[in-house]
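Next come C-alpha cells for two forms of one protein chain, structure 1 first, structure 2 second.
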Structure 1
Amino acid sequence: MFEYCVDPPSLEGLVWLSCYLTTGKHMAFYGAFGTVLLLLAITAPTALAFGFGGAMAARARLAPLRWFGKGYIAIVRGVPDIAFFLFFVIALDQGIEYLRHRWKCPEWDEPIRQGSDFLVCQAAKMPLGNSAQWVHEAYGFSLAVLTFAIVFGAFAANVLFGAMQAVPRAQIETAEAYGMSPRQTFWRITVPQMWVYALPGLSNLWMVLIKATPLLFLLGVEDIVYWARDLGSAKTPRFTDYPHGDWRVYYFLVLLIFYLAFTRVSEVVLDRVMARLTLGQATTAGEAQRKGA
C-alpha cells in the first residue's frame, strides 16, 4: 500500500509492520469483519421471521400445520448445530443443482449419483464455472445465511411460542369481551405484549448467534477465523515477502477482543430495549420501574 513497501526484505521495525499489516490478505482479513457483521444483520431478522412463522404454526388450530411447526422446532433443536450446518448446506446445494439439471438437461441419460460423486451437467452447476468470483462468494454466503436462519429460527420459534403462551389469559378474554375476532386479538393483544416475555430468550439467542459466526469457516466462507488461521500460521521467505513465526495466538487474541467488545455493546443495547418494553407492563421489571419512578 505504501511506496516504501517495494522491497520488504530491507524493512525493519514499525516500517516492516506497517507494510505487513497492509498487504492484500490483511485487507481481506479486515473486510471479513464486515462479512461477519453483514451475516448478523441479515440473519437476525430472517431467523426472527422463521421463528415467528414457526411459533404461529405450532399454535395453529389446523393439526397438520401444528405438527409441522412443532416438528420444525423439535427436529432442528435436537440436531447438533455443526452437523446440521454441514448436512444442510450440502443437501441444499445438491438439491438446487438436481432441479436445475432436470430442467436444463432433460437429455442426460447417465446416473447423477455415481458412487460418492454427484454429477450434473455444466449448465446446472450453481454457480456456473465461468461466473465471476464475487458470484461464487455471494452464493456461498447466501447458503450460509439461509442455513443460519433455519437453525436459529427454530430456537426463536420456541422462545416466541413460550412468550405467546405467557401473555395473561385475562388480556385475551378482555379482547374477546370487546368483540375482537381471534385474528384481531392475536395481532392487537398477543403480539404487542409477547415481546416483553420473549426478549430475554431472544437476547440469549442473539449472543449464541454471535458466537456461532465462526461456523462460516466450515461453510467455505472466508471469514475472520479463516484469515486469522491463514495469516497467523508460520511463514517462510520461500512463500511470502513477510516471513514470521507462528503468530496465530495474536490473531486469535484480536478475534477474542472483537467478540467480547461486540457482545458487550449488544448487552447494553438489549438492556435499553428491555427497559423500554417493560415500561408500564405488568411484569417484575415493569413494577420495579414504577416503584423507582
Structure 2
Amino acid sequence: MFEYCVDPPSLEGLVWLSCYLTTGKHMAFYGAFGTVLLLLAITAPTALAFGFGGAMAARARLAPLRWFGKGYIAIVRGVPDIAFFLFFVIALDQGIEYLRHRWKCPEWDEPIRQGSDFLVCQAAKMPLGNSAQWVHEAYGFSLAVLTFAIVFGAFAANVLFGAMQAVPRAQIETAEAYGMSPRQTFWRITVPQMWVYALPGLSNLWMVLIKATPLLFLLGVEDIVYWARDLGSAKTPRFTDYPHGDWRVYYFLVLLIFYLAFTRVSEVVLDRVMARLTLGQATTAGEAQRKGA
C-alpha cells in the first residue's frame, strides 16, 4: 500500500503495523464489513415483504392459504434458526436445480437421488460449471439473502400479524359502515395504521437481524468472521511477509466492538424514530411525552 512497505521484515513498530493493516487480505477484510451491511440492506426489506405476505396469508379468508400462513410462522419460529439456515441453503439449491432439471432435460430417465448423490444434468447446474467466479459468489450470496429473508420473514409476519390485529376494531367498523370493501378497508385503513403498533417489534427484529449476520459464515460466504479467522491465525515467515502468532482473539475483539457500536447506534436511532412516531398518539408513551413537555 505505502511506498515504504517494500521490505516488511526490516520494518518496526507503528510503521510495520501500518503496512500490515493495509495488505490486500486486510482490504478484503474491510470490504467484508461492506458485505455485511449489503446483506442487511437487502435482507431487511425482503424479509419485510415476506413478513407482509405471511401476515396477509395468515389473515386470509381462504382456509388453505390461512393454514399456510400460520404454519409458516409457527414452524420457522419453533425450531433453532441455525438449523433453518443450514437446511435452506442446501434445500433451496437442490430445489432450484431440480426445477431447472425438469425443465431443461425432460428426456433424463435416471433417478436424481442415487445413494448419497444428487445428480442433475449439466445444463441444470446452478450456476453453470463454466461460469465465472463472481457468478458463483453472487449465487451463494443470493441464496444466503433468500434464506435470511425466509427465516426473518416469519418473525416479521408474526409482528405484522399482531399489529394488524391491534388496529382498533372501531376503525374497521367505521370503514365498513362507509361501504368500503374488505380490500379497501385493508389497504386504506388497516395498513396505514398498523405501523405504529408494529414498530417496537420490528425494531427488536432489526437488532436480532444485526446479531444474526455472523451466521453468514456458516452459509459459506466470505464474511468478516471468515477473514478474522483467516487473518488472525498464526503465520510463519515462510508463507507471509508479516509473520505473527495467534492473533485471533484481537480480531474477534474488533468484531465484538463493531457489533456493539452498530447495535448501540441502531438503538439510539430507533428510539428517536419511535419518539417521533408516538408524538401525539393516544398511547401511554404519547401521553408521557405530552406530560413531560
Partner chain sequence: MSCLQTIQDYGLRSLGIGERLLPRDNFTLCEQVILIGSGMIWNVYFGVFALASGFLLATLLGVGKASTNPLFRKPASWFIFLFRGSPLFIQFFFGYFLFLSLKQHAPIFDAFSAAWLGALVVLFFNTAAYTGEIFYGALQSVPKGDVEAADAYGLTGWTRFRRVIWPTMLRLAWPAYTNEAIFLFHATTLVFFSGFPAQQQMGDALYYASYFADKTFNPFIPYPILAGYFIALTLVIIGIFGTINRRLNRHLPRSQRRKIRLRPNLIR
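If you superpose the two forms and keep the largest set of C-alpha atoms that fall within 1.5 Å, you have the rigid core. Quantities reported herein were computed from a predicted structural model and do not represent experimental measurements. FYI, numbering is relative to structure 1, first residue = 1.
The chain as displayed in structure 1 is taken from the form predicted alone. A movement of the C-alpha atom of Q122 reaching 2 angstroms or beyond is seen between structures 1 and 2 when the two forms are aligned on their rigid core.
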